[in-house]
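Only one chain is shown below, in structure tokens, and it's the form predicted alone.
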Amino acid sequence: MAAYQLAVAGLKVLVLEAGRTYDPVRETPMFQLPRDAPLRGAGTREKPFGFYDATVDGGWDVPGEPYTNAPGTDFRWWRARMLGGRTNHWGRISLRMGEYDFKPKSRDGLGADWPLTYKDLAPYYDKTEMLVGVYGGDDDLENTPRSSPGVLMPPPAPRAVELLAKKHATPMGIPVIPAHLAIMTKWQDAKTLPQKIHPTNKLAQRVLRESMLSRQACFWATPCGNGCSIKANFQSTTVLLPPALATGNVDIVPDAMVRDITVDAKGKATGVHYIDKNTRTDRHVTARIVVLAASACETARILLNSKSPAFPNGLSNSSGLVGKYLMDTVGAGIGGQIPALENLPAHNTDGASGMHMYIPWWLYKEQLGGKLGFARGYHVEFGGGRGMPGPGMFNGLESFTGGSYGKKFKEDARRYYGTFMYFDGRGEMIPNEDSYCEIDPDVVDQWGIPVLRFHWKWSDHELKQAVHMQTTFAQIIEAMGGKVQGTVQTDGNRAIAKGGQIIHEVGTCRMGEDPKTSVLNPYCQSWDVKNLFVTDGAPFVSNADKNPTLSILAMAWRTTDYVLEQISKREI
């Protein structure tokens, strides 16, 4: 987002990409079937999300690029070494943070408040949603704000399993509403949107119009996780980089592993050292402004490795907080078999590979009244039904069929196909002093760059929240007449996903009002280095139950507006 915004404003931008170049239009395996892949496309250690997952040269394990865990920690760090990074691999779930999410400490005394409010970011949410294309409803619930009129695309119609969940959850007081996903349900209005988004910038209007005309609406046939060659969903490689390049103001250098940021005698950033991964040589580029958007942990690693006489503890680290307050999303789930879905006649289940409806957090008043025993909430992602059969589809069916085989097994497979549903909670983690990353003093990667060492601890709030998730999901499944599959845990340590497993890590360079208690100012500008900015998830002060990508994009846009203002005032 930062490269796009600065380029359309007329600045010359050099993008250093740690991974290889990637062209989703040419490389996306949209139309291959599971039968065409090794192991029918099943996940492996190298491709945990399946053979066709869009992530190339990445994952929790990247050869030659290790990280370490402190004793007692089992944190997992996902990296995508490819142009566009993680935007090629995400659920496209695009939920706005609400008013409470920006001021959590003011509500319950835990964590810290953001130095901005929902009103500060709301205009950027609107513009970001129009630019990337987001579908969703217009529900306006407590701390679940709606978008401005005309911003969102219409949501797709609910499918049978989503309507069934809504039917039984609603009497329990649990809302089920249209989800918000960065997937286009119709063509973008290329005639009017560019002018709305960039009212005074002719260059931006032109390149954005051309980009919008190159995108197609989703035709509901292939998994978003494989990438999208028709550009219907949001990936920076299909939505932001093409118009940025069309300005003529952007150069991209792939396979450029950044080692550190250089500074002059006055403490001003002068450029970046990187390793050319093809030649294994050290290169240096100069810049008037340095913008880090390497992902929360990689950004912290670069800053901590950027040591100099002026910054012996790493760059922008006068507060000692670079790497601190690392957060992920709380994750727990459980599934069930629903007899009401057995032997259904063939019916249309077309739709997005993600959810059409979801459950926003609904127990704010009970929580504020101290009735739940934990702080902060979660939203619920759920699904099921007759999607594309995958590997292992009928594993474990013998517990229902009694071990049938032959003709009877085929009849049973047809009976139970599409009768299983899952419910996954995605909850807020409160930042704590025991979760952070630092430089491991003994380990370097294959490029000679010191690696990160992680420390991780869930608090009782997250552990109790995970138990509440599973208990609630079991109640919904049973209300649907279903049978819960698996054990509903009463020990949060058994229910909760590992740190990093949800791949929503944020924090490490929190923003704030005070340079003593934060790394960045309210515009994601380093307190210590005026021409250094961060536009990934590192500036997050808390990690609300809303998936972070939309907020990262909106904040990056706000930051680049500030950069341009500072340039015009000759402040940087």
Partner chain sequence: METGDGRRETGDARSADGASTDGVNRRDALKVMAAAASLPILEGMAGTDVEAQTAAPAATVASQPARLSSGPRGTASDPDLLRPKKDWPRKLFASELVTLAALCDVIIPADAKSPSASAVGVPAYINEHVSAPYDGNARDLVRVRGGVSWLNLESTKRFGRTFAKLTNAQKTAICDDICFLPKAKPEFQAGARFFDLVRDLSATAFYTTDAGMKDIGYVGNVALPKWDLPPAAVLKHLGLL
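No experiment lies behind these values; they were computed from the predicted model shown. Positions refer to the first chain, counted from 1.
What follows is about the form predicted in complex with its partner chain, which we do not show.
Shown alone here, K407 lies within 4.5 Å of its partner chain in the predicted bound form, counting heavy atoms only. By the criterion of a heavy atom within 4.5 Å, R386 is counted among the residues contacting its partner chain in the predicted bound form. Contact check for R26: a non-hydrogen atom falls within 4.5 Å of its partner chain in the predicted bound form. The shortest heavy atom separation between D350 and its partner chain in the predicted bound form is within 4.5 Å. Across the proposed site, D189, K196 and G507 without exception lack any heavy atom within 4.5 Å of its partner chain in the predicted bound form. Residues within 4.5 angstroms of its partner chain in the predicted bound form, judged by any non-hydrogen atom, belong to 51 to 59 and to none of the other stretches in 530 to 538, 64 to 72, 509 to 517, 51 to 59. Proximity to its partner chain in the predicted bound form, defined as a heavy atom within 4.5 Å, singles out one entry of Y417, F311, F374, W456, which is Y417. Among the residues D260, E438, D126, D255, the one placing a heavy atom within 4.5 Å of its partner chain in the predicted bound form is D255. The partner is not shown here, but in the predicted bound form the stretch 13 to 40 reaches within 4.5 angstroms of its partner chain through a heavy atom at R20, T21, Y22, D23, R26, E27, T28, P29, M30, F31, Q32, L33, P34, R35, D36, A37, P38, L39, R40.
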